[in-house]
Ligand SMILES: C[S@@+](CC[C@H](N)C(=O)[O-])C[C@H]1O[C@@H](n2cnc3c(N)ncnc32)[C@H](O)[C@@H]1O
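Next up: just one chain, as structure tokens, the form predicted on its own.
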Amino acid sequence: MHELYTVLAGYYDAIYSRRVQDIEKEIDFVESIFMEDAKREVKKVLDLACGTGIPTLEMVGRGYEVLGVDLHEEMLEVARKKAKNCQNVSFMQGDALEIAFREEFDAATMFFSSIMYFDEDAIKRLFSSVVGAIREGGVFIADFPNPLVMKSSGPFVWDEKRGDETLIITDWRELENASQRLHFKRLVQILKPSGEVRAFYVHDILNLYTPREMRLLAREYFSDVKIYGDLKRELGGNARRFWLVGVK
């Protein structure tokens, strides 16, 4: 499990290069939430499931002090190398469900659909941890896909480059409709110039939530809960990606 975040950590940015290209737009949107929805000025941010620090470092570049937390040390090793010459950023290994911070941050974030790894019981523990970590008036932001457009599908095949290596990536999805669990499967083949090929298989089980379900779960922990769609501060009728915003 979690091969994408362990043995493939060094290839993560290459695999998600298209998402990396859009990270400025995502943080533009997140900053609009900081300014319009948070009830306090946001200076210090807790970035949960920070991975290799793609959004973490974008926020740091905009003047925020950010602590990135991730379960996988392999991902953090990549993040620390990228942040070697950066100030106001630090990384620590930890489980988002077990963070013990007490009102130390103005905001908490969770990007790249990481919230989908939590089932209903775990997501309640997550919300409880986040509420304890942020200050009064602080905000929690997490993105997740529209489950109504998710279905069993694939395979999708594409390629990316990392240095002189070529990555051939094959994705497919298998959906359990009744349980709203999504089996995300990925085959990553790494082709070296010598002709050597290495292959890694990823199989992660994710949880799908509708905006209504997410709102009902979150409102037990936050004073105000909003769901936005597709980088707009409105839900919209045909959004493909949602953004949960919880205000303490």
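Keep in mind that what you see is a predicted model, and the values were worked out from it rather than measured. One-based numbering along the sequence shown.
FYI, the form predicted in complex with the named molecule isn't displayed, but the following is about it.
For the named molecule in the model of the complex, the listed stretch (60 to 68, 192 to 200, 216 to 224, 47 to 55) containing residues with heavy atoms inside 4.5 Å is 47 to 55.
When contacts are defined as a non-hydrogen atom within 4.5 Å, none of K25, A79 and F144 contacts the named molecule in the model of the complex. Proximity to the named molecule in the model of the complex, defined as a heavy atom within 4.5 Å, holds among A133, V89, I123, A96 only for A96. Contact check for R19: a heavy atom falls within 4.5 Å of the named molecule in the model of the complex. With a 4.5 Å cutoff on heavy atoms, Y117 counts as touching the named molecule in the model of the complex. Within this chain, Y12 lines the site of the named molecule in the model of the complex, having a heavy atom no more than 4.5 Å away. Under a 4.5 angstroms non-hydrogen atom cutoff, the named molecule in the model of the complex lacks R173 among its neighbouring residues.
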